[in-house]
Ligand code: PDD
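A lone chain, given as structure tokens: the form predicted alone.
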């Protein structure tokens, strides 16, 4: 199977796609990224992803290599050149290539890479039984609202979760509030309301997070965006969201069994509604 990537102005076989050894993404993690789901040729919230990518570039003063309309077409072309019906498109933009120095001494030409892979899906067991998580003190930098490629802390967190036999790690602030996961946003159901940490510099504004809140509102579920912790009275469910997980029930965190230890009604409902949204994207649409 031959896969194709877009690298700095041209489509190349993935096996031949490379960037310079002095690219600042490689040497400093000086860049940003997006992961976008595509179902049968229709992209999920593509404009929201493009807007967040633009915001991330602006936040670290990287000039987009092209306008958003052109970038959208490149993403679509990358999807079309690869064999996956349901795909995960990855866009990474770095500041570019320069002799290694912390100080940026000249305006650089940004590096842009776009790849396409099969969209990973949770297992049937994870869906029916829920997943498990651990909590960790937040050791990340203090601009988690930027979708930076500086993911070392999240890599370490995922490795620790796996070492402890869990599926995800949730970051806690200094007073024990649950912020988000290594690669997910997280929610609780407390006294019937869907609760999640508000968007600030500690939390990334997840595109799937936004969808979950929108679907909850449509279903008449009360929403509270506020700091929360795992030992609040009335906590009956936990769940996490991401492009690849949609909504996933979390039934155990550390040694704490959440309610009955099975996926709860709200997480099941939101997952069903989200999957309906995904399935609708696969219907023929001349505007795709």
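Since the model is a prediction, treat every value here as computed from it, not as a measurement. Positions refer to the first chain, counted from 1.
Beyond what is shown, the protein has a form predicted in complex with the named molecule; the following relates to that form.
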Answer key: of 78, 135, 111, 185, within 4.5 Å of the named molecule in the predicted bound form (heavy atoms) is 185
Go through 208, 94, 196, 116 and name the one with a heavy atom inside 4.5 Å of the named molecule in the predicted bound form.
208
Close approach of residue 242 to the named molecule in the predicted bound form, 4.5 Å, heavy atom:
yes
Although the partner isn't part of this model, could you tell me whether residue 177 comes within 4.5 Å of the named molecule in the predicted bound form, counting any heavy atom of the residue?
no
Check residue 228 for me: does it contact the named molecule in the predicted bound form (non-hydrogen atoms, 4.5 angstroms)?
no
Does any heavy atom of residue 35 come within 4.5 Å of a heavy atom of the named molecule in the predicted bound form?
yes
When the named molecule is placed as it is in the predicted bound form, are 166, 252 and 264 each within 4.5 Å of it, taking any non-hydrogen atom of the residue?
no
Only one of 177-185, 214-222, 101-109, 158-166 has heavy atoms within 4.5 Å of the named molecule in the predicted bound form; I'd like to know which.
177-185
May I ask you to list the residues of 48-84 that have any heavy atom within 4.5 angstroms of the named molecule in the predicted bound form, in sequence order?
49, 52
